[in-house]
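As structure tokens, one chain now follows by itself in the form predicted on its own.
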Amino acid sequence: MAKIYIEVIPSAGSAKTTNFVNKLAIIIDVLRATSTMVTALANGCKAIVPVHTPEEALEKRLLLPGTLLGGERQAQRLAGFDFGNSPFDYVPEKVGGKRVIMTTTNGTRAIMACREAAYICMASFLNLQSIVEAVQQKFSENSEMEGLVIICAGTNDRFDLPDTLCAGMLIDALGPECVLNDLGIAARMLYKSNENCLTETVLGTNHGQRLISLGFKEDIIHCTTSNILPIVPILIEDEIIWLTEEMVW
């Protein structure tokens, strides 16, 4: 496989100045949007529809009867929504066979910011190895791909260590032949120095401490568990779905 040129960007806001044309974009929001999306799909959710705002979510539900609403602002469930942003909200008996319209502070904004990319998928620690395999396959099949952009959703347009650690784990798994920007190099270094204590490190971050203060410590433990869900969530038109073997992506 040819070298993969990788650009890591630190936040959803940084995506505004990034060229995504003919590239594969990977969104990472460890705490908690992409982790929750992966969990929801694993529990039978039919599709996730990302939107910018709570108002847009409410309007879209009128067009999609029977669809559920999920989302948060500042880590708290939105009034009138069926779910917050905890992966434990999205249990099989509630999301099985259902679509969920989702809006979050950082993660869904990052997704919407890279719509010009040729391909878009969602990564977390939970499904990291499946994403690695999907990336390798895509670049092997398509010699015209110009690179990979990893969007760390960040926290309110600021650097976020949990997302950067996950980006570093992804880069490390893709191998030494990758050509990285400076943040990609830093992400790999951060991951390598914390690979044996990911949960403990994330628990101690600003984002982790805020979630703990709100009662979400178990979310962090779940979201920092590696490679337990063999799922590749991809954005097709306006929906995030589980990529299956029979699908053309």
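Residue numbers run from 1 along the displayed sequence. Keep in mind the model is a prediction, meaning the values are calculated, not measured.
We do not show the form predicted in complex with another copy of the chain, though everything after this point is about it.
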Within 4.5 Å, heavy atoms only, one stretch in 22-30, 205-213, 218-226, 48-56 touches another copy of the chain in the predicted complex. Which?
205-213
Note which of 174, 75, 161, 128 lies within 4.5 Å of another copy of the chain in the predicted complex, where distance is taken over heavy atoms; exactly one does.
161
Residue 64 within 4.5 Å of another copy of the chain in the predicted complex, heavy atoms
no
State yes or no: in the predicted complex, is some non-hydrogen atom of residue 180 no more than 4.5 angstroms from a non-hydrogen atom of another copy of the chain?
yes
So, residue 9 and another copy of the chain: in the predicted complex, are they within 4.5 Å at any heavy atom pair?
yes
Check residue 190 for me: does it contact another copy of the chain in the predicted complex (non-hydrogen atoms, 4.5 angstroms)?
yes
Contact test, all of 106, 137 and 240, partner another copy of the chain in the predicted complex, heavy atom 4.5 Å
no
With another copy of the chain taken in the predicted complex, which residues across 8-46 come within 4.5 angstroms through any non-hydrogen atom?
9, 14, 17, 18
